[in-house]
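Single chain ahead, written as structure tokens, the form predicted alone.
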């Protein structure tokens, strides 16, 4: 079968003819891949900054944002049948009995680091014509979400983050009103974060680098989030325009921008860090002033990665809500669809000239 793989030792990325997977357990399903989204993690993998092949394999099949169609079910599978659309989760638990997170079904909080991630760390991904997965790790997709369900996995980042923010803010002695939010970065994770924040009632502003007009600004403003450029407005001017944010949702993977914007977080506010910087940049911090601010204003800095099964369920539910509230809003996030042969160009931006979300399709 056709698959896209990276060969770390040879530093190559190519389409290969991989063995077709077969059911190994009665609880597994075989899935025909329909679409695979690409993101910054994939860019790091094809640049050989990240990514680990499965033990004993010279290559790693890439792809972790996936929509597929069930073509075969094991004898013990319930709730899924041939023809159902599904999205798979990415991370699998570590094997250690001493890891409370994994043993309680939350590998997204793994404490050992020995988890595996499909298409990323020691497990083949979904950018292949077929894959096999245990039914416990796939979620059924309503047929009406067919055109946008490939956005499920990146949306789970916001779902988990806002679930944690809600729990953190239970620390306050009163029930706080939904306030203001600033989303730092306007890529797919940022755009979906905007929708998730708006859905929960936050007055949301996007603060990103590129000046208007651009596709990302148009997408954000189409759903009601003003777009401001960090090239044109300082963080102080951002506050004068949008107010101090109660939630700062960082989705840019830019350390300098994140810490600069943190300075204007509102008292009792929460900053959520979702981006993983892939390149070093010069950064000077006024450490004493920052610690003083965090302490005296009762602020919280939250790092979050991956997502739980409940976040995938909520993401699918929210995709339906978003389509009803903002017709066409999700569709405009998908810039272009490409064949597997164009994977590298789509990931690195050589194919399509930027945009928001690029998708690989298997037909």
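Numbering follows the first chain given and starts at 1. This structure is a prediction, so every number in the text was calculated from the model and none was measured.
The following text describes the form predicted together with a small molecule, which does not appear among the structures shown.
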Within 4.5 Å of the small molecule in the predicted bound form, heavy atoms considered, which of 70, 301, 46, 39?
-> 39
One residue of 225, 157, 127, 151 in contact with the small molecule, assessed in the predicted bound form (non-hydrogen atom, 4.5 angstroms) | 157
Heavy atom of residue 216 within 4.5 Å of the small molecule in the predicted bound form = no
Examine residue 192 and determine whether its closest non-hydrogen atom to the small molecule in the predicted bound form is within 4.5 angstroms.
-> no
With the cut-off set at 4.5 Å between non-hydrogen atoms, does residue 238 touch the small molecule in the predicted bound form?
-> no
Taking 4.5 angstroms as the cut-off for heavy atoms, does residue 59 touch the small molecule in the predicted bound form?
-> no
Which among 84 to 92, 217 to 225, 239 to 247, 253 to 261 is in contact with the small molecule in the predicted bound form, heavy atoms within 4.5 angstroms?
-> 84 to 92
